[in-house]
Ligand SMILES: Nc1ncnc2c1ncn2[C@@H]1O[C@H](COP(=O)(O)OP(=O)(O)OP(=O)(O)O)[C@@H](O)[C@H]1O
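What follows is a single chain, given as structure tokens, in the form predicted on its own.
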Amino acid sequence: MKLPIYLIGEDSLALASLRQQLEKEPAFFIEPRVHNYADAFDHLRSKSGPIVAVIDLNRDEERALAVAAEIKFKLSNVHLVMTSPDHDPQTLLRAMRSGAEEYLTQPFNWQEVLKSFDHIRKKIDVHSSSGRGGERGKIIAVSSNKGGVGSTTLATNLASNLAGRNKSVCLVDLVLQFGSVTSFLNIEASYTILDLAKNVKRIDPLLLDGSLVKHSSGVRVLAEPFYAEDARRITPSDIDEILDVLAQSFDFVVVDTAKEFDEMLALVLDKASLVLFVTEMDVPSLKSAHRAFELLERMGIYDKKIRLILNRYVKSKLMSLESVEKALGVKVFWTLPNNYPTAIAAVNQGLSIEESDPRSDIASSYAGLTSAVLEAFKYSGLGTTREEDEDKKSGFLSRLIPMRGLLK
């Protein structure tokens, strides 16, 4: 079936040129008419099935971005491509935030144009062929910008508790150089994320199943590379593709992320429906967290999907939850008690805390956190607003070289 492509712009010579070129390609159906900004939405909402809409920003950038945002928010079947002669990184970021999956600079590089449309087609095919009936699973990123605060413990135990609620769960170790998920769960992986990255263009259910190792809790784990130096062989584009496939195969994909803010982390945080940011209630950790939240704001990460988790929490007269919230400008979503002996005992046994000591206060707290996460998806609109099923920056952030300027 040909992929329908609709063009949106005002007296756009660039779109006319694009139409002439794409009409030569048998894989696409190009609607002859170029729609203006005023009637684009009404026209597209009458269509069903996957559609690609190409929007030229050149004539009226503000209006074009507003139309794009409305389309992306209300029409989940439409995949947005934006184009402009403007190479300014801020224009790229604004397009990205308005829902662009691909951004084409003018004059067009036709190889890049075809690569962009092929990338969208592949994602549509993956979604259509999913064994879960096209329903997309939720990606939960567990993040921290400071080591030792317990983010891997949280990722492994949240995944285990979700599996205990009869959810299919994949836990991904994206601490590519020195990941420790397999150590925490005491499992041996025969294959790693590197194997999937090397075969990213031909991932099928059999290859995916063989690349994951199963923990006693029911969680499937995608392990970190065997050798630290192999981390550089995995690109943001690889992770983009892998997370898409996993989200089509599992109810939840829990991602343990690295501490360094780079294009890889930016991609993951953007694709995630929920970001659990982990820190502790001490001055160095909170200062580090404050810098991280400032950076997330500069990066344009959708703030409504970020949840603050305080690990090893102990009530203190010197520092209250209210003072933490005021300092960071973020509400505390959950606190986990300071029960290091129980947590480390579970790690040493390769078990989740629920398996190791189900009656402990920390096991009870993780059960509560899991319920809160599920409630957040059910009632808070997570995954039903602009971040749901958009893959909005897939293949785009990985090419967004100017992003490095924001990560300083």
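Residue indices: 1-based, along the sequence shown. Predicted, not measured: the structure shown is a model, and the values here were computed from it.
Note that the form predicted in complex with the ligand isn't included here; everything after this is about it.
Under a 4.5 angstroms non-hydrogen atom cutoff, the ligand in the predicted bound form has residue 344 among its neighbouring residues. Within this chain, residue 338 lines the site of the ligand in the predicted bound form, having a heavy atom no more than 4.5 Å away. Among residues of the shown chain, residue 153 is one whose heavy atoms approach the ligand to within 4.5 Å in the predicted bound form. The ligand is not shown here, and in the predicted bound form it never comes within 4.5 Å of any heavy atom of residue 218. No member of the trio 252, 275 and 368 reaches the ligand in the predicted bound form with any non-hydrogen atom inside 4.5 Å. Proximity to the ligand in the predicted bound form, taken as a non-hydrogen atom within 4.5 angstroms, holds for one residue of 160, 83, 192, 144, which is 144.
The single contact residue among 312, 72, 167, 119, judged by any heavy atom lying within 4.5 Å of the ligand in the predicted bound form, is 312. You can rule out all but one of 89 to 97, 106 to 114, 330 to 338, 243 to 251: in the predicted bound form, only 330 to 338 has residues with a heavy atom within 4.5 Å of the ligand.
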